[in-house]
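Below, in C-alpha cells: the form predicted alone, a single chain.
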Amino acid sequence: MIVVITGATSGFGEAMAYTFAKGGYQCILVGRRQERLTALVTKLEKEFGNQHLSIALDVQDKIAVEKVFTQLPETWNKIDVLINNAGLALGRDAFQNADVQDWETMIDTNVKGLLYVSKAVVPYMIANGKGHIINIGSTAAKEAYAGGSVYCATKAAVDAISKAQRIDLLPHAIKVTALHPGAADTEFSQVRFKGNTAIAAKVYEGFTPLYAQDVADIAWYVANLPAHVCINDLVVTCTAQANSVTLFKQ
C-alpha cells in the first residue's frame, strides 16, 4: 500500500506519516524542507522497516508538481491514498487591512496546490482501478469568521472541490473524503502569526485543543475502511469547540 502525504514535514502531515508507516504503508512524503523530509524518512525506515520516498516540492509550483509525479518510478506509482494536507493560514487582519500577498499564498497553496497534486496523482488511481483522496479542509470551510475571509474561502473551496471530485471520480471507484479539523495545536498558528509565538500560544489557552495525532488517527481510520465504505465529509473538533467561531475557554 502506498500513500502520498503533502505538507509532511510538520503537524498533521508528520503525524500521518508516522501513523501510516506504522500501519505498513510505504509513504511518499512531500514537503518544502528537504532536511526535515530526509530526517523523517530515516526515522520511519529505522523504526518501521518499510521503504519511503521523500520529494522536496512546493505544491504551489505547477510545473514542478507535474514533472515530479510524471517521473515517479514504476515501483511507486501504485498509489492507494493521497492526503492533500499542505496548507496554511497567513494573517488575521480585517479584510480591508489584509496583505494581498498573504491572500495569494493561501490561494496558491490551499486551493491550487491541492488541485495540482490531485490532477497529477489521479491518473495513477484510474489506472489502478481504485484509490482514495483525503482532502484536509477546516471548520473554517463551514462558517466564516472575522479576520479570516480568504483563508475561510480557500477551505470552502476545498469542500466544494471534494464534492465535485467525488462525483467525477465515482466511475473509477476512487473515494473522496473531506476531513475538516477545528482548533489544533500544531505549527498552524505560528505560521499564521508569522513566528509570533506569544500570540500563537494564546490561541490555545483555556481549553484542550486537537493535536496532530488526533487528526492522523482519524485519517488512518477513514483510509482503512472496507472498500465499499466511504466517509464523504467529516468535521472534527475538540470538546470545547462547537464550530469555527464558538469556543468555551476556562
Ligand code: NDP
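Residue numbers run from 1 along the displayed sequence. All values reported here derive from a predicted model rather than from experimental measurement.
Form predicted together with this ligand: not shown, discussed below.
- Looking at residue 183, you'd find a heavy atom of it within 4.5 angstroms of this ligand in the model of the complex.
- Shown alone here, residue 220 lies farther than 4.5 Å from this ligand in the model of the complex, counting heavy atoms only.
- Though the partner is left out of this view, residue 26 does not reach within 4.5 Å of this ligand in the model of the complex, counting heavy atoms only.
- The closest non-hydrogen atom of residue 87 lies within 4.5 Å of this ligand in the model of the complex.
- Checking 67, 43, 33, 202 for any heavy atom within 4.5 Å of this ligand in the model of the complex turns up a single hit: 33.
- Heavy atoms within 4.5 Å of this ligand in the model of the complex belong, among the stretches 58-66, 194-202, 220-228, 44-52, to residues of 58-66.
- Taking this ligand as it sits in the model of the complex, the stretch 152-167 comes within 4.5 angstroms of it through a non-hydrogen atom at just one residue, 155.
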